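Form predicted on its own, single chain, as structure tokens, below.
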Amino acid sequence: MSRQKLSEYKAKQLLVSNYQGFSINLSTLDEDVEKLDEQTPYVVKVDQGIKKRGKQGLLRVNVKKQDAAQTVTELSQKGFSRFIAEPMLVHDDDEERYVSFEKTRGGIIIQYSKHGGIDIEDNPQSVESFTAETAPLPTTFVNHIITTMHQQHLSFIEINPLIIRDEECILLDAAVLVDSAGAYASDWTDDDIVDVHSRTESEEKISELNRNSPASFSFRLINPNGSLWLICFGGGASITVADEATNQHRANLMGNFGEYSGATVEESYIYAQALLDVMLQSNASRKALIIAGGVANFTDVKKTFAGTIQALSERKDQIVEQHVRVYVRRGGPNETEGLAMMEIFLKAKGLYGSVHGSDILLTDVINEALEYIDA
């Protein structure tokens, strides 16, 4: 059981009965923008769980329909792919309030302040704790929020700013954490969970590869200036390698995390190409590329290595110049031929670290890579 962040769009769909916002995704930009009203000015903002969007330039106001696509495109250049457009509400700054609801063992705790919006940062002492019975908020609003929390398995709700006009409460900004164990009984799904991480071009490329292939691909950049870079095959290979790095107290050296399985030659090439793009941008003085996996049942080792070798060959000069060594451990169909092909290539290009089959432990290869980095 863990807390995960919902998109603001989905959060407001759950919390606001007459919600009039629109979700905009980069992959369906034109279709999503077409739903906007031509006469309505909108607030357009990144919808990936990022806080302080105004200060970070991730929000635009008074955006007309004809300008929405260009606005989203500009915001996407910062590495984001999910956005939200809402009708703009004209209001005074002194109308803005702060409120949060959190589930605890003792019940739901409400925190409230009359100083909402960006003012909350300058007035942290103004935030006071209340119960549902004592909160200085409209009773119908409080009851609705608490009922929704229970029904939708919401663990935490933060609304900032909240506008209160008579008995109406308007949510200008909302952040919601959900209990992952409640997904089966809620109106939100895994597709509504957002990643606060801003994707790099390589991450986006591999994500697209995963969406359009029957094979499985994952890639996450965790340290742009890392020394250890991973191309891992099969379920659990990257976890095994990462665990060994952690056991050696060297997890901080890892540049990426991810793996793939069932890939074609072309897909192996695209994956390796995307990884090498970020590896070559690292400013680490020495780098090791680990190409590793368990013993495959069906994936042809020779074919996947052919795609990886193609990507390495295209960037050979840069890789050699940056003192990269490649360490390999793999087993499966055509293991002997694939390993021989990889070893011949690495030695010929000056990239050879080591090449092993299934006769050694998967963890051995990372220790060899660490020895090189430490030398």
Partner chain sequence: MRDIANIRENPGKILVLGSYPQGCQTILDFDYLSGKETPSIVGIVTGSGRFQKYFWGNSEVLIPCFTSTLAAAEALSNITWMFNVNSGRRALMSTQNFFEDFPDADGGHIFAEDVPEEHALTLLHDYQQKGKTIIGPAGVGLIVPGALKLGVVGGVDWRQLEKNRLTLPGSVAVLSASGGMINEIITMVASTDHQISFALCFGGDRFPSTSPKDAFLAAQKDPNTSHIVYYGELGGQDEYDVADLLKTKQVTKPVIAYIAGVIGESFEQPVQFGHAKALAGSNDETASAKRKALAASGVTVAQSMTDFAKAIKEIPSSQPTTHFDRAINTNRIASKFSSTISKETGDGYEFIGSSLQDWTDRGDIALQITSALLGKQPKSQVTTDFIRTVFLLLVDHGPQVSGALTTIITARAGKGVVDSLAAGLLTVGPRFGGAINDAANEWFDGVSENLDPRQHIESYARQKKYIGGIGHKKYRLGLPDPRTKQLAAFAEQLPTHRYFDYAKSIESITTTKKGSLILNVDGHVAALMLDILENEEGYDTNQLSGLIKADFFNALFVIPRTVGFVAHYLDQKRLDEGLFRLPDDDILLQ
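Residue numbers count along the first chain shown, from 1. What you are looking at is a predicted structure, and each value in this text was computed from that prediction instead of being measured.
Although it is not shown, the form predicted in complex with its partner chain is what the next lines describe.
When its partner chain is considered in the predicted bound form, residue 267 lies well away from it, no heavy atom lying within 4.5 Å. In the predicted bound form, at least one heavy atom of residue 259 sits within 4.5 Å of its partner chain. Contact annotation for residue 249: none of its heavy atoms lies within 4.5 Å of its partner chain in the predicted bound form.
Under a 4.5 angstroms non-hydrogen atom cutoff, its partner chain in the predicted bound form lacks residue 117 among its neighbouring residues. Only one listed stretch (175-183, 129-137, 276-284, 201-209) carries heavy atoms within 4.5 Å of its partner chain in the predicted bound form, and that stretch is 175-183. Taking 104, 189, 123, 225 one by one, only a single residue has any non-hydrogen atom within 4.5 Å of its partner chain in the predicted bound form, and it is 104. When its partner chain is considered in the predicted bound form, only one residue from 82, 144, 302, 153 comes within 4.5 Å through any heavy atom, namely 153.
Annotation for 297-325: interface residues with its partner chain in the predicted bound form are 297, 298 [heavy atom within 4.5 Å]. Compared with the form shown here, the Cα atoms of residue 74 and residue 220 move at least 3 Å farther apart in the predicted bound form. In the predicted bound form, the CA atoms of residue 73 and residue 218 move farther apart by at least 3 angstroms compared with the shown structure.
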